[in-house]
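To begin, one chain is listed below as structure tokens, in the form predicted alone.
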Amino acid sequence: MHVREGDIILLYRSLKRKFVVKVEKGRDIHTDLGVIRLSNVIGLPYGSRVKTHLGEEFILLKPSILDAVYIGFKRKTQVIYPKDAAYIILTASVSSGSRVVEAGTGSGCLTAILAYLVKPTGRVYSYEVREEFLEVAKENLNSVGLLDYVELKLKDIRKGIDEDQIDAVILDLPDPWNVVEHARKCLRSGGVLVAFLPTINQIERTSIVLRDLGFIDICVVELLLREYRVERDSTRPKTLMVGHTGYIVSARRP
């Protein structure tokens, strides 16, 4: 497979030097190791090594959805970490053809992952109250060819959900308990609600409302991820780690 103009590529040097860019003639990528002319990568096979004007090498790769979202996207808001996003998606049973309601959109990172999974026949309906965030999300989604699978909605989801027979409702809001009743009405039988929350008080209030409104299979988890520094005869956990990111509350409509 060879690089074509318009492709999204990953330029890899190391774990801390990775760049996700769209290939455009005449465009240059400036790094601390020199400039890469993107016109020169058109036609090269993936796996090639490309040099900056200083002679430093990068490996030319096709990016994963993880690369495209967490490296390539512009960010205007804090994003959900991959470890949490993966659990949310599995818990909500999102797959090709799923119809998913999401709020709030933010920079569109989770939106993009959802769209990547529901395509080509599914749909993501993403609610956001701030227009400037929607514009960033729209640009991000368009950059990776996923905008066609998303309906971006400038609306407060607390005032109601327009869709019905939805497979999953995923909430990244400070007060998801104000959306639970709307979610109950729009979810199909067996549909799942998942909320991502940073504090104990929020998960307690959300869980109680879910129970009071008849949801079942209510579960609360926190996921911790520790990376390791691997060297011969000296492998150990890294000194620094991301500790608490948030709690995930999930429940099912009977």
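This one's a predicted model, so the numbers in the text were calculated from it and none came from an experiment. From 1 onward, residues are counted along the sequence shown.
The protein also exists as the form predicted together with a small molecule; that form is not presented, and the subsequent description refers to it.
Heavy atoms within 4.5 Å of the small molecule in the predicted complex are found in one stretch of 172-180, 115-123, 142-150, 91-99, which is 172-180.
Contact between Ile161 and the small molecule in the predicted complex is not found at the 4.5 Å heavy atom cutoff.
Mapping the unseen interface onto this chain, Ile166 falls outside it, with no heavy atom inside 4.5 Å of the small molecule in the predicted complex. When the small molecule is considered in the predicted complex, Ala86 lies well away from it, no heavy atom lying within 4.5 Å. By the criterion of a heavy atom within 4.5 Å, Val79 is counted among the residues contacting the small molecule in the predicted complex.
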